[in-house]
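Listed next as structure tokens is one chain, alone, in the form predicted alone.
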Amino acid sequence: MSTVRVLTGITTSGTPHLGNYVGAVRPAIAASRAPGVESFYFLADYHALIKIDEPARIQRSTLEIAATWIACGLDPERVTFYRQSDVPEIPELTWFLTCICGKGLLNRAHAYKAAVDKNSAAGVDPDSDVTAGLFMYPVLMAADILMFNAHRVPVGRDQIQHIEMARDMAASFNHRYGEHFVLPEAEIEESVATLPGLDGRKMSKSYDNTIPLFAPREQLKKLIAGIKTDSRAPGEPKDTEGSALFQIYQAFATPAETAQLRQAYADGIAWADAKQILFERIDHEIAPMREKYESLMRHPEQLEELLRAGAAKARRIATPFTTRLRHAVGLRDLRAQDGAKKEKKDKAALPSFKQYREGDGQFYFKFVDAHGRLLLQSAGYASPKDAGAAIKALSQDPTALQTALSAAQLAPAAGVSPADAAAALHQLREAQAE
């Protein structure tokens, strides 16, 4: 069974809350214990600089988030747990990717477009208050992922675009400099809960409606007491649908416990009693971890030691990989001229695939021979993942060409026979096997 690399980043811009725990921390820690998985977890402090200009807040958030992951059960011996800024190879890779990433791709990033639209609606310059950091965010995120050749990246639906952009950058780099990067895939956890906050909207720092994960017991009780409910009196049946209180309880309770509270709603439980039940259920799960968290917060030197050890572990992968990438782009020992010429000659002597995106938003690829002559042209694909899967099939499966031709997913260029294309594909497969 081959090992799958999974990577998760957490921006150090705030205090972890119950929504973070249920939606990201708890499922990620459970996933890290699965067999055949190599997990990477990092504190994205470079990303925090894009939106936070308070140094003390970033430092405090880094401490709180590191303590949270360890208190919740993350095992640094089993995973690679590091601080982004402790791995200097990441910003170096960011620059490599910047040099092959089209500005047009970044123009389409959701966060940048939203900022431009907001400025345009306000009648000010479209790029007013838009930093280069915000604009370049997708490139830094791609470097985070590609540095460790992660196969899967758990993200929310609003982050899928960034994974697709990372795939675009990886494919562009591979096309120019040879196969160095795995094309990552977004992993959407449909079953992971999104918690409502105190006001019923999604729990988010942006709405100031959060319940801090490790709030002291009395503060937790007070915050839960403040969850918005309707005006139905004790004895009146209550709806679970749309009830923030019930949704939060469901994220912590067993199915049997959830069924009991649903019945209690139907029987007209008082809101005060329902809130007490929720408080006790959350505190039951959080209290043992809170003690560990508070201990770590009193001893930041323990976390610093863990993060530095994690960075050393990460750099055992990142440093030699970056050396390979530096050589690939031409940042080389000047004494290695003959080897460089031979490498270029060998690379040019093989057929290759070229993946690209057209103005219609579709993803295409073409297959050319060793001299650049077009042999095969693909139809359009909805995503780079689909186009990449078709390329992989053609590169590995001798029967894939005929299947693609029959399905009109692929067409020979003018004057090229299927036999010519098949011979070139065979040559490529043979070279890859060697």
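For every residue, the number given is its place in the sequence shown, counted from 1. In this text, all values refer to a predicted model and were calculated from it rather than measured experimentally.
The same protein has a further form, the form predicted in complex with tryptophan (TRP), not shown here; the description that follows concerns it.
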| field | Contact residue in the predicted complex, chosen from F148, F246, F353, Y137 - any heavy atom within 4.5 Å of tryptophan (TRP) | value | Y137
| Between the options A390, A44, L376, A67, which residue brings a heavy atom to within 4.5 Å of tryptophan (TRP) in the predicted complex? | A44
| query | Quick one: is M141 in contact with tryptophan (TRP) in the predicted complex, heavy atoms, 4.5 Å cut-off? | reply | yes
| message | Can you tell me if V153 lies within 4.5 angstroms of tryptophan (TRP) in the predicted complex, counting non-hydrogen atoms only? | response | yes
| task | Would you please decide whether G9 lies within 4.5 angstroms of tryptophan (TRP) in the predicted complex, comparing each non-hydrogen atom pair? | result | yes
| message | When the contact criterion is heavy atoms within 4.5 Å, does N174 count as touching tryptophan (TRP) in the predicted complex? | response | no
| Looking at 290 to 298, 154 to 162, 97 to 105, 211 to 219, which lies within 4.5 angstroms of tryptophan (TRP) in the predicted complex, counting heavy atoms? | 154 to 162
| request: At a 4.5 angstroms cut-off on non-hydrogen atoms, which residues of 174 to 188 are near tryptophan (TRP) in the predicted complex? List them in order. | output: none
